[in-house]
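So this first bit is one chain, no partners, the form predicted alone, shown in structure tokens.
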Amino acid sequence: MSKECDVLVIGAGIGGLTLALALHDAGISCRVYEAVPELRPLGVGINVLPHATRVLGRLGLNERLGEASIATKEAAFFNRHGQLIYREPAGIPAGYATPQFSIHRGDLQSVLLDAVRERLGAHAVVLDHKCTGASSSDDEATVHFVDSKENTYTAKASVAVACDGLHSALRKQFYPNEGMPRYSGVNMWRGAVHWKPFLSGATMVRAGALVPGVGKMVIYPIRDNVDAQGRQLVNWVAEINAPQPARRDWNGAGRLEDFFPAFADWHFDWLDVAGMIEATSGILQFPMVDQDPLPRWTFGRLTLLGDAAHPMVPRGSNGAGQAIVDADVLSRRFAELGVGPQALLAYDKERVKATGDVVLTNRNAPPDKILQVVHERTNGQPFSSLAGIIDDAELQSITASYKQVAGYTVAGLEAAERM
């Protein structure tokens, strides 16, 4: 069997589809293999930060994404009593060259998938091919698949990139004794509901604190004007300490009674959080888990990308962004060094350390550390003033530190554009 393309991409998620577009832009042939028989718009909201929209903008996608999303204007932090702790601009208002998009994950995937099929052709994405393993020789990668009827297939390429998410077959092949995911002690429930605009109409809210008996919320709109009343589709995430993790399934169903009591009195003048939760149907549940950073992703002509490489606790709005940056870096190394092991090792050297730092920072010092610090210093009580509790310099340093580690400071992205 001869090689069918330069790069075989395993998985048609955000990382895999972005990689396909970046490879095409670089003149490198590829084909994407996806496990499910039909791609459907699953999940709820995510944020695409400026280091990722910088990449997507170069691929000519930001206009489409802008039409399908909310361009986030600001991030705001509140305590469990609805009192404002801190706010800062986001995206273009913060001085970035490209926006921050709050978007339904299915809408982002649809924009990417449509672009792949338009540019690479209708047959660029092969469905119903679940990867079961792969091997590498001196001059090619061989990947094995099975479909929903138990038929088996084999495909060859110069290299293969596993973008197949949390349950990656290649990650398990590379690290068979890795063990179970690391549970953070927190479960989250997620939903999206039609609701009237709040605050700026483009604000990402973090509120509450992750301490026993309290809980934290992340709330932001992801679609505008979804009905005749001018309401938005508002995404929310509720997080609560729990002794046992939920099932690790992004589409696992959740129950209102398991988390709502912690937020039942959240009726604020800027948003009726409790009413919004109660009005939501189709609630999802997921554990806040990650894996310890790996020492390497690349073995011969095989490598990992996105959640397959660096699953992280979703506390920095950064999982999709890091996958998009992975795709950008890998396609650039291929363009510079050729499609082979040398480029894969250069990609590995650059991204393993960078994403490992993000994984560890998401555990210990994400942006919502602000909430924890204020909760501890006020004993969870309302404040009349933040004077003597925390000052602007400390608040700014917490979010600035995260942006530095995650690779999306304004100055850092501006410098990267000049390179």
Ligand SMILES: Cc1cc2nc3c(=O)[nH]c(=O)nc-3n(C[C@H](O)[C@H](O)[C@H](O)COP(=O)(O)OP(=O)(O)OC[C@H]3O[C@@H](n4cnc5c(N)ncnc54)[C@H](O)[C@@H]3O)c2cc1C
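Numbering starts at 1 and follows the sequence shown. Values in this document were obtained by computation on a predicted structure and should not be read as measured data.
Separately, the form predicted in complex with the ligand exists; it is not shown, and the next lines address it.
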TODO: Report the stretch among 61 to 69, 357 to 365, 373 to 381, 43 to 51 that approaches the ligand in the model of the complex to within 4.5 Å, counting heavy atoms only.
DONE: 43 to 51
Task: Residue (of Val193, Ile283, Leu113, Ala169) lying close to the ligand in the model of the complex, criterion heavy atoms within 4.5 Å - done: Ala169
- [ ] Have a look at Ser136, Asn241, Thr203, Gln109 for me and say which one sits with a heavy atom within 4.5 Å of the ligand in the model of the complex.
- [x] Gln109
Open item on the list: When the ligand is placed as it is in the model of the complex, are Phe77, Thr98 and Gly316 each within 4.5 Å of it, taking any non-hydrogen atom of the residue?
Closed with: no
Task: His129: touches the ligand in the model of the complex, heavy atom cutoff 4.5 angstroms - done: yes
Open item on the list: Given that the ligand is not shown alongside this chain, does Ala327 nevertheless sit within 4.5 Å of it in the model of the complex, heavy atom to heavy atom?
Closed with: no
Task: Contact of Lys156 with the ligand in the model of the complex (heavy atom, 4.5 Å) - done: no
Task: Non-hydrogen atom contact Arg105 with the ligand in the model of the complex at 4.5 angstroms - done: yes
- [ ] For the heavy atom contacts within 4.5 Å of the ligand in the model of the complex, list the residues of 2 to 23 involved, in sequence order.
- [x] Ile10, Gly11, Ala12, Gly13, Ile14, Gly15, Gly16
